[in-house]
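Before any questions on binding or motion, here is one chain by itself as structure tokens, the form predicted on its own.
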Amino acid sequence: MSDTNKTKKTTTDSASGERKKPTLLVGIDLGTSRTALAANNGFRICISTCVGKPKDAVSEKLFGKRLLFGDDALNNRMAVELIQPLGDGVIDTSPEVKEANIAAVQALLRHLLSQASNKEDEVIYGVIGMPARASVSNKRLLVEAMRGIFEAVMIVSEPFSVAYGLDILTDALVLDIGAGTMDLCRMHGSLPTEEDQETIDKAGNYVDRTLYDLIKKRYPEAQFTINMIKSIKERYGYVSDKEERIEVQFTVDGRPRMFDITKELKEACLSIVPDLTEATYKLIGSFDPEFQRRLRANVVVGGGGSQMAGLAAIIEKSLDELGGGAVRIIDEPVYAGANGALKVAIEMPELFWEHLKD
């Protein structure tokens, strides 16, 4: 595997071969909930995918800046207009929010890149991960939004970038469970085609909404927000048969009380498993029959949703219907996509890049 912390690249003039400005290479996992960036100078960062605009003169004075990013925006959302620009892993293009969302993505990436490097003479090449089955128009919109930010870009599917970063290049099925989408990709020793990939629009956010509704139905008097529910899921989420009771604190008319949410949490987490299982069956069942066994024996799961306790076991059990298999959870789900995208940036030849001009 390449040493991504030390590799450096420079651009060259194609006619003269003369060295131009040094180039910063970055891999970006642009997610609905979180965005991770890894650069070839060793810098890494992961923040919430949101931007906050101060609501008025008072909030502008309070913050002393025009925009807030990531958790800074979330933690001050009472005083800002909170923009969460991605829906189901792509820029939300609803007419009333499209322009604001594009501007928010641009501002967020400029913010991250300013932390990765402050060298004025550096040009930046970026590989950006998107859902496996993102439409051509989704990809083109993102590329166009990157003009003036990157010298060149490359768009790759998120599960492919995870696989590439881990050197899983063949005989594997990669599942990437994010907030907006679950993405699956068959790896068979060459670049995956559209037929090798699947995207499911039920993922972490769907679990959050389901859990919110289940708790509200059982405890209508409890006071909580979707952000609180998301934190609970990330801390306690499970699909196993464990008997541990899960109690959390909410308020009732401002007074704290403990609530047992064990049943509701498991039901919500399990809500995405049938769709994941169906997509897994589809990609394995439609593959060359001589190689299906190899895919089943090497199922790799990443993304934030991979951290639900018992997930590997329940996916592995579902493979019994196909003859059995083996499932493992990757070690570093937060940065796996960004690390892989960076490795793609370092190793892919120039012809794969789309060069941008203002």
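Computed from a prediction, not measured in an experiment: that's the story for all the values here. We number the residues from 1 along the sequence you see.
Keep in mind the form predicted in complex with a small molecule is missing from the figure; the text below concerns it.
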Review point. Taking the partner as it appears in the predicted bound form, which of 32-40, 58-66, 313-321, 292-300 has residues with heavy atoms within 4.5 Å of the small molecule?
Key: 32-40
Practice item. Using a 4.5 Å heavy atom cut-off, state whether Gly52 contacts the small molecule in the predicted bound form. Key: no
Review point. Is there any non-hydrogen atom of Val26 lying within 4.5 Å of the small molecule in the predicted bound form?
Key: no
Practice item. Determine whether any heavy atom of Ala179 comes within 4.5 Å of a heavy atom of the small molecule in the predicted bound form, and answer yes or no. Key: yes
**Study point:** Close approach of Gly89 to the small molecule in the predicted bound form, 4.5 Å, heavy atom
**Key:** yes
Revision key, fill the gap. Of Glu278, Glu122, Asp171, Glu234, the only residue with a heavy atom within 4.5 Å of the small molecule in the predicted bound form is Glu234
Practice item. Name the residue from Gly126, Gly204, Gly165, Pro85 that puts a heavy atom within 4.5 Å of the small molecule in the predicted bound form. Key: Gly204
